[in-house]
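Just the one chain here, the form predicted alone, laid out as structure tokens.
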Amino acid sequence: MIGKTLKGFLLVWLLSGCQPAEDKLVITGSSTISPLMADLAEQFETQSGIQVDVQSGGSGRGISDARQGLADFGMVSRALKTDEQDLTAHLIGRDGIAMIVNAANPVTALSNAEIVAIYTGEQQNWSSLGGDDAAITVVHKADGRSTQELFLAHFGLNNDQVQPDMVIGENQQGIKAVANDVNAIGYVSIGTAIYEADAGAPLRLLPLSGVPATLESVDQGRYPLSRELNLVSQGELSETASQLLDFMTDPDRAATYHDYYFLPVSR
């Protein structure tokens, strides 16, 4: 009997240790949103004294952790799907997905058909696309990343059709892969790509369907591969979670969103 009681106590203790504490908030998910969220969380901690733990891992993790109660908010860089309506999405911003190449690559534009041919392995050399006679290094996002899901949906591809040379998770890995390889092509957040290019990374953002990969295009509703940036939650928000959400969507935070080249959505 004592053994069963002890086991029960340990199980409750272990499970409670996985839940967000009342005096601490946990946010997990999208690597696109996490740098912005870490900055906003630090500002909130300074103002409120409430600790906020921000962890990346992809939008899939954000969905899973919010559902399991492992996070107060999941970061999801897309709209919720029909089978995710048990969660509540809190829209905080907007972004787009850009095709990127190395700045030293002479290619300045690709059609949708050419992008599909590159990612399915039908086109493996830059020479017939206006580039150098060199093999194309195809950089693709890993499963569980909303950037990958939206890319595939936009180009009408299934993941098993893609023939990548490199599979990456975080946006920063994609930026590094393309910046270090003149023959690489990848796709990442527009905001992240502009931020890194302005900081000196040798990147070129390619237009998509003739529309420049800029925040202005996203803001005007012209860019064909734009997306929502959401925090998702399950059930009623705690008082501290509500405070954090109010803080992050306050118009006074707009400058921080702009620092990371995202479009804020204020409440």
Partner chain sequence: MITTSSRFHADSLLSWLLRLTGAAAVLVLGGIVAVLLIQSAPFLVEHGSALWRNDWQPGQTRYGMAAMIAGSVLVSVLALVIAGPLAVLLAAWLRYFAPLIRRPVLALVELMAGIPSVVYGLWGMLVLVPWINQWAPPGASWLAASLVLALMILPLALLVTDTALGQLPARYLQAGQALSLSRVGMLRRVLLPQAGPAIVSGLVLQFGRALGETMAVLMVAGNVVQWPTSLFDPVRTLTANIALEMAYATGDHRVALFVSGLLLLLVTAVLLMLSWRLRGERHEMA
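Definition used throughout: the rigid core is the maximal C-alpha set that superposes within 1.5 Å between two forms. What you see is a predicted model, and the numbers here were worked out from it, not measured in a lab. Positions refer to the first chain, counted from 1.
Quick note: we don't show the form predicted in complex with its partner chain, though the next part is all about it.
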Answer with one of Met166, Ala109, Ala104, Leu91: the residue that has a non-hydrogen atom within 4.5 Å of its partner chain in the predicted complex. Met166
With the cut-off set at 4.5 Å between non-hydrogen atoms, does Gln123 touch its partner chain in the predicted complex? no
Considering only heavy atoms, tell me if Asn158 and its partner chain come within 4.5 Å of each other in the predicted complex. yes
Is there a non-hydrogen atom of Asp181 within 4.5 angstroms of a non-hydrogen atom of its partner chain in the predicted complex? yes
Is there a heavy atom of Ser31 lying 4.5 Å or less from a heavy atom of its partner chain in the predicted complex? yes
Answer range among 142-150, 91-99, 191-199, 115-123 for contact with its partner chain, defined in the predicted complex as heavy atoms within 4.5 Å: 142-150
Taking the rigid core as reference, does the Cα of Asp83 move 2 Å or more between the shown form and the other one? yes
Core superposed first: is there a CA shift of 2 Å or greater at Gly57 between the shown form and the other one? yes
